[in-house]
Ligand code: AMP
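Single chain ahead, by itself, as structure tokens, in the form predicted alone.
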């Protein structure tokens, strides 16, 4: 049984549970504070803090785990990355007060103090940039540090930058781009590796389907070449004869959600009938 470490709370935990549920691996726990949960017959979940998941996987307490890439890199543990889950996107940035006069890393002088929840990543970044700094580890509320005189600049996570602007801070440089990742031990057993790959493929199939729709329409035979351009599909549209042997054939294809409006309009212009658009739960390549 593959043991999967999952975040136990927060927005990341909600997104992870939704993804696993869509893949047929619903997280079933006995209560809100449960430490373990069932994911079906072949998988068991360990519900822990997102920050601790890299350690659980690296130490072998879990075979795979889902957490932010920023936390994986900060842990300094050797881990494998199986899949980018494409949510929880954010950036780890260097930020300074709006009145600091600091616009780029080159504007840093002396040995400025850097408040951060990510001391290892911050230290590595400034060393690579050739800048001497004094790291001030904090556990939260990093944005207030420059205003309290605790630090000159900060290294913190941001998505839209709105929180930084509220605290009269601006971005100076990007340290790391992060998102939720499916991680694994770098040296799994053969059985664990197979199960982990199967899990990654199941989750990947859900992610592929999320921005796709399945389109079906009865198209005039004489318009098939035009229909091919309108509905290219994954490997081209599927064309099926209708039993009445008439002038129409059924054309099916996978279409990007963002293109649905134009696709339907173009099909109608070709004289298509019985146009149907439906969601896709999973899509295998």
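These figures come from a predicted structure and were not determined experimentally. Residue numbers count along the first chain shown, from 1.
Although it is not shown, the form predicted in complex with this ligand is what the next lines describe.
Contact check at 4.5 Å (heavy atoms) against this ligand in the predicted bound form: all three of 11, 71 and 157 pass. In summary, among the residues 142, 195, 178, 204, the only one with a non-hydrogen atom within 4.5 Å of this ligand in the predicted bound form is 178. For the options 119, 80, 112, 89, the one in contact with this ligand in the predicted bound form, meaning a heavy atom within 4.5 Å, is 89.
In the predicted bound form, at least one heavy atom of residue 50 sits within 4.5 Å of this ligand. Only one of 93 to 101, 158 to 166, 131 to 139, 185 to 193 places residue heavy atoms within 4.5 angstroms of this ligand in the predicted bound form, namely 158 to 166.
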